[in-house]
Structures are given as structure tokens and as C-alpha cells.
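Next up: a single chain in C-alpha cells, the form predicted alone.
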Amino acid sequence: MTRLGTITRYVLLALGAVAFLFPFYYMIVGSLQTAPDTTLAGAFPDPANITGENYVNINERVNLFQGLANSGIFTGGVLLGTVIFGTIAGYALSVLKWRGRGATLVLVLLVQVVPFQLLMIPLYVMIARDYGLSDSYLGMILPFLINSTAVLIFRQYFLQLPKELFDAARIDGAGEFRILWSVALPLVRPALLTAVLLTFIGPWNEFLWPFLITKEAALQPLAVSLANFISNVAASTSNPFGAMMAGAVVLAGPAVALFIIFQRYFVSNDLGSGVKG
């Protein structure tokens, strides 16, 4: 590639990065303004207009720590189910041979095209009325416990593993769960991180289902608490715009930090290194 082409590529990448990062920057700046400035000039704040009162104001009306804790419990439960059931199902659909495997894979693919909103009412009736799990963490987590996208991710990674690894483990007397735990999982760590990172953002930002299944404010994730704040009490603050931006920063912060920390792990292992010859 020529020098001019290299320069052009980096300029375009830099412009794209600025375009994607500007909304986050503007959100942070807006959360620190004493008087709201929604014009483009507000992106270059006046030091005299900087304050942290917006975070104090929203924390007085929404328990940010409790909301973050609820979001963490909800998201953590979903991620735990995604990893456990995703690895087992992905292993069964890729390594094991059994009657109906192809049909099951087709069903997993079909689940991708069914919108969650279509299932929400029967799920609410089943979980809230039949199981009595309304206003509980389990009621929030249960519909998201199995993620079909994660199943497909694990299946594709397991398909890349050399068949000889599994045959050798079986010859040594290892059962399927032992093979999954000791042989397959260590070689598909990128799949674990990919599934976790792709799944994380869904339950962390989920609003509609927790809003339906929980009525107690002490159990609601931060996304629901912030939506209630915007709808009901934001106007009572001295700077509603700044308070809303402060809440958005708190909600987005963990997700952004997680992706920044783990982005370098989006690489594939040398899957053939476990086989000699």
C-alpha cells in the first residue's frame, strides 16, 4: 500500500472513530453542565458551567447503587445461564452424533427470527401467574436464561476443534462432560468472551421485560429506574437534561468499560496446536 493510501485509511478511521465517540463525549459533557446547552457549542463547555450536582440530584431520586446492583444481578444471572446452557447445547450440536440433531439446529435458527415481543404476553402469564415469580430476580432472568445466538457461537467454535482431540480423550476413558470441561472449553476461550460480551449488552439495557415483571422499585434494574425518573420526576430537578445525561453515563459506563478492557481478547486460538503430526 502506498504512503498516500495509508494516510487516507488512517484519516478515514480517525473520522469514523470521532463520529462514533462524539455522542458519548457529548453525554458526559452534558452530565456536568450547570445550565444545559443543547447546541453544538455545548460540546465545548465553559469551565464555569461545570458541576457534579447533576449526579447528586439524580441519586437523590434514583438509588444509583441499588439500580446498578440490580442490573448486575440480572445481567450476571443471564450470563451464567448463557455460558452453561450455551456450551452444553453447542457441544451437543457440534460434537455428539444423535438422531434429530439437524432438526434441533433448524429450530435454534428459527428462534432467531421470532421477536421477543411476540412471546412476552404468554411468558408474563406463565412466569407471573403460573410460577408466581413476579417481583423476583429469577422472574427477570428466566426468559433470557438460554441464548440461541450463544449456542450457535459455541457450536461454530466447537466445529473448528480437531476431531482427534475428542477421540483421544474418549480412548483415555473420559466422559462427555469431562471432555467438554477439560478439552473443549480451554480451547474455545474466545467463544466464551465473545458470547459474554455480545450477551451482556442485552440484559444490561433491557427495559420492557423487567418493567413488566417488577413493580417494586427496590428490584428494578437501573434502565427501568432511569426510565421512571425521566417519565415522572425529571422535571422536578433544577437541570433535568443534566440529570438525565448523568443517569445515562452511569448506565453506559460499565458496558463501555467492559468492551474496552476485553476487546483485545477477540482473537482466535491456534486450534490445531493440540494435535501433533
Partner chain sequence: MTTVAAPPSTTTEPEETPPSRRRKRWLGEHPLGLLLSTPYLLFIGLIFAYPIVFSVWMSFQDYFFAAPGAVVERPFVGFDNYVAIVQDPAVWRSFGNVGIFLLINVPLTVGLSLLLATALDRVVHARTFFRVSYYVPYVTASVAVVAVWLFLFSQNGLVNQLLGPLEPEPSWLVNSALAMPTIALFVTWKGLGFYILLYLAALQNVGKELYESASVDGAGAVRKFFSVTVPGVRPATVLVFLLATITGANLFTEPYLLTGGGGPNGASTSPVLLMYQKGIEQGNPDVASALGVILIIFVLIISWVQYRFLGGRES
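Note that the structure is a prediction, hence the values are computed from the model and not measured. Numbering follows the first chain given and starts at 1. Each form is matched to the other, and the largest set of C-alpha atoms that superpose within 1.5 Å is called the rigid core.
Form predicted in complex with the partner chain: not shown, discussed below.
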Residues 65, 74 and 185 are flagged as a possible site; in the predicted complex, is every one of them within 4.5 Å of the partner chain by some non-hydrogen atom? no
Although the partner isn't part of this model, could you tell me whether residue 38 comes within 4.5 Å of the partner chain in the predicted complex, counting any heavy atom of the residue? yes
Hey, in the predicted complex, does residue 122 get a heavy atom within 4.5 angstroms of the partner chain? yes
Taking heavy atoms and a 4.5 Å cut-off, does residue 153 contact the partner chain in the predicted complex? no
Taking 4.5 angstroms as the cut-off for heavy atoms, does residue 117 touch the partner chain in the predicted complex? yes
Given a 4.5 Å distance limit between heavy atoms, list every residue of 67 to 97 close to the partner chain in the predicted complex, or none if there are none. 85, 88, 89, 91, 92, 95, 96, 97
Once both forms sit on the same rigid core, is the C-alpha displacement of residue 174 at or above 2 Å between the shown form and the other one? yes
Once the core is aligned, does residue 56 move its Cα by at least 2 Å between the shown form and the other one? no
With the core lined up, does the C-alpha of residue 217 move 2 Å or more between the shown form and the other one? no
